[in-house]
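First, one chain by itself in structure tokens, the form predicted on its own.
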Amino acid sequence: MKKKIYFILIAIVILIQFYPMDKPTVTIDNPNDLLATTTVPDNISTLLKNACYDCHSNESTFPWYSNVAPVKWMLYDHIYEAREELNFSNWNSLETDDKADLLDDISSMVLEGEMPLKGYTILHSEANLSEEDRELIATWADEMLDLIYE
């Protein structure tokens, strides 16, 4: 009986691999990208690339496990949702008020520890932000916000 249950579970795991799901598009050349269109200090640029860009840009990188269901379903869904909320690759095409709202969100979410997500930082140690890193990003976002309304 146990062998039959194991066989069924293995069959299910194999079969779900064939369930189609559109992988988020990856584009490295993004002319409207924040870092391509805005002067961002190198240290902030590095922090954003390490902690934010995998989900919040068109420059996502996909590790081997991103091709294995059901992990890929969760990962792809998360990236689609993250890009819908904030996509740094489309930064320069946003309206001024939208940029202001996003900068305010970046500042508060990073300071409050809501971003990057804990699950992401477990697998991506380079995305772990120290309190100093969080302060740097929040200060940069607040300064950018001030520049928008000058």
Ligand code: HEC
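One-based numbering along the sequence shown. Predicted, not measured: the structure shown is a model, and the values here were computed from it.
A second form of this protein, the form predicted in complex with heme C (HEC), is not displayed here; the remarks below concern that form.
- Only one segment in the set 38-46, 79-87, 61-69, 25-33 has residues whose heavy atoms sit within 4.5 Å of heme C (HEC) in the model of the complex; it is 79-87.
- The closest heavy atom approach of residue 123 to heme C (HEC) in the model of the complex falls outside 4.5 Å.
- Although the partner is absent here, residue 100 sits far enough away that none of its heavy atoms falls within 4.5 Å of heme C (HEC) in the model of the complex.
- In the model of the complex, heme C (HEC) sits within 4.5 Å of a heavy atom of residue 109.
- Contact annotation for 39-58: residues with any non-hydrogen atom within 4.5 angstroms of heme C (HEC) in the model of the complex are 51, 52, 55, 56, listed in sequence order.
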